[in-house]
Each structure stands twice: as structure tokens, then as C-alpha cells.
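Have a look below at one chain only, the form predicted on its own, in C-alpha cells format.
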Amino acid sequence: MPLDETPGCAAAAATRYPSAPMLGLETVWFQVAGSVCNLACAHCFISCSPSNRTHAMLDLAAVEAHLRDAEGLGVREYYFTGGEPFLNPEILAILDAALRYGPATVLTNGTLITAKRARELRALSDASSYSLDIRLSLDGFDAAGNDAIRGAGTFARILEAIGNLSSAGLNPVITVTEACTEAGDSRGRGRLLERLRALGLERPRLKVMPLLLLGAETDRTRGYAAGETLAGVALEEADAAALQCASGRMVTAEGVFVCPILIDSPEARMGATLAETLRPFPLRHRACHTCHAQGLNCRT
């Protein structure tokens, strides 16, 4: 189970864990595609797939309502994820709406970014005074490494998407998880950067993410061990401020959750609106260990 279920009364359990403060809402995430994805990656922490309907897609009207609320709360940037965001038929209209409020980032596997779609994204970017970032996921230096995680044929499709975005004048952020083991050191990251330059990205941007031992990853490797919690940890002020949940929230069709990682944990649902969620959150989930110990932050 992801939550620490150490026996004891609720009050005693609550005192054993630190809480992330709410220091001011800066970032809002949207689970815009729900849990539906055209891929079924072996390390997906919410096990997104073509058949996963646990979380529904968000429509334009719902996103716009939350954007209005977010503006009044001082939010500075917006992220759109899934599932695969480009499966949402309203995604371009949603991004257009978000770019009226602030910078927007889309997290995508890239396999649906055709040359036409890349030009449409460039047009959205050009029409806004705010930046639009596209974050593509990649998990290896070659097809053998990447496709073992993301599925047969995905490496070629991801490279094609990178080329389409580059040709349209967009410079995507490439996200690599530590499922690509070589990405964990400077030598491996250097190889990846050279590979991206060879694809036409003159100034490649690379983000390396630790793995979350949730969802599909528990079958590929393992789940969290009993000791991998924040039980008994006293967070320093700087540590607490570095946590994404101290300044961000995740909007889904089922309500607003504390962060993008915990949308399958009912305890992480904090309310129906953003305003209802502006309070500290107890860090009792074992995934909180990854954020603290490895400095995980989903922001670009």
C-alpha cells in the first residue's frame, strides 16, 4: 500500500509525519486527459493506458472555470498532463485559454505530434505573450532501451515528434526517467544531449526524473519499502519550501488533489475547488519520500 499503515491511533500517526505548508499557490496542474493514454508505459506511476478510465478527461469549460479561480489566487504557471494530453479533442482550445493567463507546459509522449500539430502549437505560442513549453518523454538512447519501457515503435515516433517541433521553431524539453539508467550520471546526460543536438535541437533542454515506485513501476521493479516514508522526519524550512506541494495543486475531473503524483490516493483529494485546498498537507504517502529524498519536482 502507498500509505504508511503503521498501527496506532490516528492522532499519534498524524504527529509522526511532517506537513508541507501552503506557501502560496504558484502552479496549477490539469489532468487534462484523465488516465487515458495511447501507450501503456512499464513505469507509469498511475498506470495510464488506452483502457484506464479511472480519471475522466477535463473539458474546456471546466478548465476555464479553474483558470479564472487560479488567476484570482495569484497562480503563475499552468501544466497539462494525463494520460496523453493530445487525446483530448479540445487540447488546442484549452492551451489557447491557458495562454491568456500565463505560461503553459504540456507533458506528452510525443507520438501524436505530427508536423501539422507542431505548426498549430507554434501558432498558439506566437499568438500569446506567455511561453508555451512542450515536454516530451524519452527513455533511452536507442529503440531497444526506449521501446522496452514505452512500447514497440515509440522511439522512432518520439524522434519524429522532436523533428516536427524543431522544424516548427519550437524547442521541446526532453524528460528522461532513471529507467534509462545511464541518464543518472553526467556522462550519460552528455550522450543524451549530443543525441538531441544531432536531431536539430541547437540548445537541447533535458530534465532527468527519478522513478516513482507506484502504479506500473511496482510490477517492473518494486514498490516502496516499509522504511521509505517521512515518518519521524523534521523538515527544515528550506526543505519544505522545495516541495512541489507547498506551492502547487492538481485539478482533475474528480476534484483538486495535492499534487500530480497522488491522484490515485483518495486521501490526497483536498477539495472541489482550488480555494478549498490552500492548507498544509500531511506527508504520509510513501511517494513523498521520493520528493524529499531525491528532490523530485515535476515542474519544468
Partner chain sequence: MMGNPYVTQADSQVGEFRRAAFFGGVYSNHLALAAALKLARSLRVDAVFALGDFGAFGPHPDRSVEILRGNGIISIQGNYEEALSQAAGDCRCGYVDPRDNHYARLSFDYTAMKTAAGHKAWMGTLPRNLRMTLGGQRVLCCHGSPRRINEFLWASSTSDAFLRKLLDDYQADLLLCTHTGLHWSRFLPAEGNGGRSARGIINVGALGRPANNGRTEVWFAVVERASGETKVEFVPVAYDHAKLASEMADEGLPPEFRATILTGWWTTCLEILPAKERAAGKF
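Quick caveat: nothing in here was measured; it's all calculated off a predicted structure. Numbering follows the first chain given and starts at 1.
Same protein, other form: the form predicted in complex with the partner chain, not shown, and the subject of what follows.
The contact with the partner chain in the predicted bound form, taken as any heavy atom within 4.5 Å, belongs to R203 out of R187, K116, R222, R203.
Exactly one listed residue, out of G74, G153, P89, G227, brings a non-hydrogen atom to within 4.5 Å of the partner chain in the predicted bound form: G74. Taken together, the three residues G102, Y130 and D133 all come within 4.5 Å of the partner chain in the predicted bound form, as judged by their closest heavy atom. Residues with any non-hydrogen atom within 4.5 angstroms of the partner chain in the predicted bound form fall in just one of 137-145, 211-219, 157-165, 121-129: 121-129. Interface residue remark: L193 is counted as part of the site for the partner chain in the predicted bound form, having a heavy atom within 4.5 Å. In the predicted bound form, the partner chain sits within 4.5 Å of a heavy atom of E26.
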